[in-house]
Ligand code: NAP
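Encoded as C-alpha cells, the following chain is the form predicted on its own, with no partner shown.
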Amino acid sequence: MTKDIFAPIKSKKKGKPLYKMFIDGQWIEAKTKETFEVSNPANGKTIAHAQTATIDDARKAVKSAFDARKGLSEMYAVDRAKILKKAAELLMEHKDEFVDVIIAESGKPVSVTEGEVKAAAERLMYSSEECKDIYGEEIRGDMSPHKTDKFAMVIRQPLGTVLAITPFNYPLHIAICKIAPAFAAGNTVICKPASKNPICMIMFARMMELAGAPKGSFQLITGGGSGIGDFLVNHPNISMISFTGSTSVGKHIAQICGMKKIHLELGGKAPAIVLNDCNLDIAVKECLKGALTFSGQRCDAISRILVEKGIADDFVKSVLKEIKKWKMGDPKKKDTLIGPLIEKKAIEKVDELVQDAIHWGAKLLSGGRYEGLFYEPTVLDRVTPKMRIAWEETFGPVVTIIRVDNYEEAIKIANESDYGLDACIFTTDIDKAMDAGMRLEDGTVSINASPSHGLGLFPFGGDKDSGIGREGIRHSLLEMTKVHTVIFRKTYKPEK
C-alpha cells in the first residue's frame, strides 16, 4: 500500500477530512478548535473542514516567520533554489490529487484546473532559477567632481516576511506566484488562502515541508479575513503584503498597513475594442475565451466588448454561433467549459447586473438563467454606458456588447472606467493597434488576443482602482526585495 503523504495534514470530523494549519514547522489545529466548512459549489455538499485561526495562532505564525528570517536570508541561493525545484517536482508527482481537490472546492472545470496546476509547477521552476539571478550594480562616483574618491555597491536584499493573501479563483497558481518569488529572494512567507477553497494550499504547504523548507520559512494559516486579516496586515513584523482580491478590501489594507511595502492586484473591467477591419473569427473566439473562461470569475476577464457599428451585426451573429460550444455542466467532465460560480452571493450579483441591463434596454440574446450556482453563458447586446454592467465588475459568464460609432468613442468609453487592469484591441491596422496600446489606461494592453497572464512572463498589474505594483517572473522578485547601498571611499592615492 502506498503511503499517504498527506496523512499528517488532516484528521476527521463528521466523516469528512479536517485539515490542519502549518505554523512554526508543525501541523496544528486552531487554538479554540473552531473550524469552518469547505463546500463543493457544483453540488453544495461539504467536502472538508478547515481551521478557523485565532489571533494567538496568527501571532505565533508571525513570531515564527520573524525568527526564521535571518536563517533563510543567509541560506545560499542555490539551496533555496533546490527547495523550490523539489516543491515543483512533488507538485507534479501529485498533480492528480491537486486537480481533484481544486475541482471539488472551486467548481473549476478540469480542462482549466489541469492548466493551473501545471502553470503553478512551472512558476516554481522559474523561481528556482531566479534565486541565482538576483543582481545589483556598481556605481562610480567620478561622474561628480565631489565624489571622485567613492564608488557604491548596490545590492538587493530580502524584505523580511511577506504576507500573501490569495483569492478563490486561482487558489493554487496565484498563491504560488506570490510565495515562490518571495522565497526565492530570501523572505519568509505567511500565506492566508481564501476561505472558500483553502485545501489545495494546505496540501501545497505539505509540499514545501517535504521539499525541505526550513522551520518558520513558510507558514499556512486559514480562517476568515475579518478575524485575523487586520491583525496580520497591521503587524509590525510583516514587511510586505501581497494581496489579490477585491478593490474594497485592497483599499482597506492600504489604509491600515502602515509603513509596509504593498502589492495590490485588485478588480478589473477589461474592455475589448473590436474594429471594422479586424479578423472576425479571431476577435469572436478570443472575446468569448476572455469573457467565459472559468465562468468569467477572473479579474482580467473581458467584461465589455466595444464593437464598431459597421461590424456589430456580423460580430453578434458569430458570437451566438460560437457560444454554443461553451458547454455548461459537471466540472469533472473533459468537455465542460462552464462550471458553477463560487457562491450564492456571486450568482445573485451577476443576475442583478444582467436584469438591470435588460431593464434599461439591453437585448438578451442567449442565457440569462441560472440554477443552483450554474449561470448560463449569456449574451447581452446593445448595452449602453448608463447600465451598471458597463462599469461594475461582473465576475460571471456574460458577454457584454456595447456598440460604438468609431475607434475614438471606444477609447473614450474604455478609459472612463475606474479600473485599469487589462484591455485588448482587435484590428489589422498597426497604427491603431500601437495607438491603443499607448492610450488605453490599463496595466496591460493585448493586441489581437484576450488578456492572459499564466506564467507571468510579462509584467502583470493594474492602475487606478485595479491596484498597485506588478507581478511577473522577474518583476515579482524585484518587488519583494529592497535596494541596499554600500559606499566605499578610496583611501589610497597614487604618488604623482
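One rule holds for the numbers: they count along the sequence shown, beginning at 1. Just so we're clear, the structure is a prediction, and the values are computed from it rather than from any experiment.
Although not depicted, the form predicted in complex with the ligand is the subject of the following passage.
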query	finding
Triplet 233, 265 and 395 all within 4.5 Å of the ligand in the predicted bound form via a heavy atom	yes
Proximity to the ligand in the predicted bound form, single hit among 192, 304, 108, 123 (heavy atom within 4.5 Å)	192
The single option of 372, 224, 258, 361 touching the ligand in the predicted bound form, heavy atom within 4.5 Å	224
is_contact(residue 280, the ligand) in the predicted bound form, heavy atom dist at most 4.5 Å	no
Partner contact for residue 244 in the predicted bound form: the ligand, 4.5 angstroms, heavy atom	yes
Exercise: residue 98 in contact with the ligand in the predicted bound form, heavy atom 4.5 Å	no
Residue contact check: residue 420 to the ligand in the predicted bound form, 4.5 Å heavy atom	no
Partner-facing stretch of 382 to 390, 245 to 253, 285 to 293, 331 to 339, counted where any non-hydrogen atom is within 4.5 angstroms of the ligand in the predicted bound form	245 to 253
Contacts with the ligand in the predicted bound form - residues in 164 to 184 whose heavy atoms fall within 4.5 Å	165, 166, 167, 168, 169, 174
